[in-house]
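Listed next as structure tokens is one chain, alone, in the form predicted alone.
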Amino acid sequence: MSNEIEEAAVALIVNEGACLDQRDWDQWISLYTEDAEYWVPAWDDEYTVTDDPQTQMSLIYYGDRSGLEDRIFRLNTETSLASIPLPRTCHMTTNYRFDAQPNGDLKVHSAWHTYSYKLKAINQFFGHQEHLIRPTDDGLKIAGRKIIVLNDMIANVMDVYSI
């Protein structure tokens, strides 16, 4: 995998966070392929996350982009009462590592941290993530995102914009 592709993949991931921070939902959803899986596994025990979203608990799971589109529809139409008001957020990612996949995709591992402010309270989520990046005719797209939330307790609403 070339440095140019790796740099473009990092730029895509950074852009994803910026879209969430700016609440540019349409741009954010356009970064994903139609078949993109979005998964936040739950913790099975102190050191192990669940490994099958079909048979085990997940904090969030969308098998393809349509679930994300539904979530964005509810945010755009203000029909998500848990998201009113929307928090101000700041997404940060770092420590990028790359694994070329046999089919031409690129798996990008990184650490992330999101700060949010809502109703006079500051909250934060942090963890590790894997983005599956796929070359398409429209450039690089996110074909999957697996997010490991390391917070011991989740004291407030956790949604796509907060991780």
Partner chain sequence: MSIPLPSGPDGYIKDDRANSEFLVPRKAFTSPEVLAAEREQIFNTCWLYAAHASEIPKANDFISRRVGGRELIISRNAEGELGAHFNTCSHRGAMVCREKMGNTKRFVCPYHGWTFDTGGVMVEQPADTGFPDDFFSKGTKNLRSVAKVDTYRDFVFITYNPNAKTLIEYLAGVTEYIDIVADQSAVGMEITEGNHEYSMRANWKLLLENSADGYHGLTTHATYFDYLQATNGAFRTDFDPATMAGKCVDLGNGHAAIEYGAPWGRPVAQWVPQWGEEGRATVDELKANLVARCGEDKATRIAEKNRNILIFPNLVINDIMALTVRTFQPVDAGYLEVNAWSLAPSEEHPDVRKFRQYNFLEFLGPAGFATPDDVEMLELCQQGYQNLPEPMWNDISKGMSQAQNGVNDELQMRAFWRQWNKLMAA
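Numbering follows the first chain given and starts at 1. If you're wondering where the values come from, they're calculated on a predicted model, not measured in any experiment.
Unshown form predicted together with the partner chain; subsequent notes refer to it.
In the model of the complex, the partner chain lies within 4.5 Å of some heavy atom of Trp43.
A residue is said to contact a partner when one of its heavy atoms sits within 4.5 Å of a partner heavy atom; Lys107 fails this definition for the partner chain in the model of the complex, lying far away. Heavy atoms of Lys118 reach within 4.5 Å of the partner chain in the model of the complex, making it an interface residue.
The partner chain is not shown here, and in the model of the complex it never comes within 4.5 Å of any heavy atom of His91.
With the partner omitted here, the residue from Leu132, Ala111, Ile60, Ile29 that has a non-hydrogen atom within 4.5 angstroms of the partner chain in the model of the complex is Ile60. Site annotation in the model of the complex: the residue of Leu150, Ile154, Ala18, Ala11 reaching within 4.5 Å of the partner chain with a heavy atom is Ile154. Shown here without the partner chain, the chain has Pro53, Gln54, Thr55, Gln56, Met57, Ser58, Leu59, Ile60, Tyr61, Tyr62, Asp70, Arg71, Phe73, Arg74, Thr77, Thr79, Ser80, Leu81 in 51-81 lying with a heavy atom within 4.5 Å of that partner in the model of the complex.
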